[in-house]
Structure formats: structure tokens, C-alpha cells
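Next up is one chain by itself, shown in C-alpha cells, the form predicted alone.
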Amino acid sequence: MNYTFQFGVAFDVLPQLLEGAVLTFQMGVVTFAGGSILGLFFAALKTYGNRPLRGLAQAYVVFFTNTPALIQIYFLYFGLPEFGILWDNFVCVMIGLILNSGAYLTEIMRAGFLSVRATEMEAAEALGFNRLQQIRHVIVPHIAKTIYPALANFFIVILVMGTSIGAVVGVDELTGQAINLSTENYRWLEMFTVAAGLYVILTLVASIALALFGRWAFRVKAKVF
């Protein structure tokens, strides 16, 4: 093997890779926030809804957890134009990831719903809380503490890493930037080695931030990395 590593080439374009890393992190945050809203909504339907609503929530979860996220994004990007709906690649990736993550978060949050003690719900009913007030003031604070480690792990493992799917349809997040730059300088090994290092830094920063936030907001000892 006569290959000579030239990491200077990769470090010369580090600003572009950092731009991709920032976009990756932003995509992860937005996806997690959107997926959490969907997860909370469908978890409530599965727990407290009538049979048709529970069936709707179950159908959503089954479909999006049993089909690849890439197929879902492809449908949005390549399929919707056949019906006259044109979204750019970034919008398709974000919507696809939010829908996909929302299905997984539905099951995670439903576990939190089921962990609420009956006495807490009875106390809320005695105070005159309706169902929405019970979810807001009793259930959400409870499940935030109960399932916070699982949510933090989901953000780190699934979303920060899963955003690399965007590179397939031309979104210039970290992996996309690495691919684009590698086609220009042909230093694939160096470029993706540096990109891998940036992913490690991203996940470490996110892990520390989530652990500190969990301890401050919910007194949860979430693991770092």
C-alpha cells in the first residue's frame, strides 16, 4: 500500500466541514423538537383516545417504525412531485426525519404515560383538572423525569447520526459537505476521517449538554456519552 495521507488538505477546508457540522446539529435539534411534539400527541392518543384514535396512532407508529427513513424521504422528494407538490431537499429531509422520529418517540413517551401513578391522576381530577391540564401539569413533568435518559440517548444515537441521510438527496450537512469536498480533492480517507472526528465532538458536546440540563431541570443523572 503506497497511499500517503495528506490531512492538510482536509484541514484546509475545515471551515466548510464545520458549517456542515453546525447544520447537522441544528437539524438534530429541530427534528428532536418536532418529533417530541408528535410523540407526545400520539402517545396521548394511544393512552387516552377512543378506539378509532388509538387505531390511527398505532397505524402511524407501525408504518414509520417499520419502513426505512430513507424510503420515507425518497417518497417526499421523488414521489410528491408526481402529485404536483414540490418541496426542496432540505424540507423533505426535515419532514421525513420528524415523522420518523415522532413514531419512535411515541412509544418512548407512552411508556412515560403508563408510568404515572393512579394517585397522581386522582389528585389532579380532585383539583378539577381536565385531560389537557392533567397532561400539561402532571403527566409531562413526570414523564420528562422518568424517560429523560431514553430521550437523551435517542437524540444522540438516532438524530445526530441520522441526519447524515440528508447527504443522499444533496443536503450539505456534515456528511454531505465531506462528500462534496472529497469529489473536488479526491482525498476521501482524510476527509471522512476528519468528518468522523467532528461527529465524535458533536455527540460529546450534545451528551454533556443534555446531561447537565437533565440534572438541572429534572434532577436526572443522565450518562455522558
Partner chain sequence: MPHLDIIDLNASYGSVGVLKGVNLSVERGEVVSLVGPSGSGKSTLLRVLVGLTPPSGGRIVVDGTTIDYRSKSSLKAARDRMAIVFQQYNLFQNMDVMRNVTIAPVQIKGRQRAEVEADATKILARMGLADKHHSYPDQLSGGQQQRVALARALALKPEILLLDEVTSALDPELVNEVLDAIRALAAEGMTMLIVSHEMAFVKEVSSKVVMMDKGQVVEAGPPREIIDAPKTDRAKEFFGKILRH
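Numbering follows the first chain given and starts at 1. The structure presented is a predicted model; accordingly, all values stated were derived computationally and were not measured.
In what follows, reference is made to the form predicted in complex with the partner chain, a form of this protein that is not presented.
Residue-level contacts in the predicted complex: of 104, 129, 74, 87, one residue has a heavy atom within 4.5 Å of the partner chain, and it is 129. Listed residues 124, 94, 147, 135 were compared with the partner chain in the predicted complex; 124 is the one with a heavy atom within 4.5 Å.
In the predicted complex, the partner chain lies within 4.5 Å of some heavy atom of residue 141.
Heavy atoms within 4.5 Å of the partner chain in the predicted complex map, among the stretches 77-85, 94-102, 147-155, 113-121, onto 113-121 alone.
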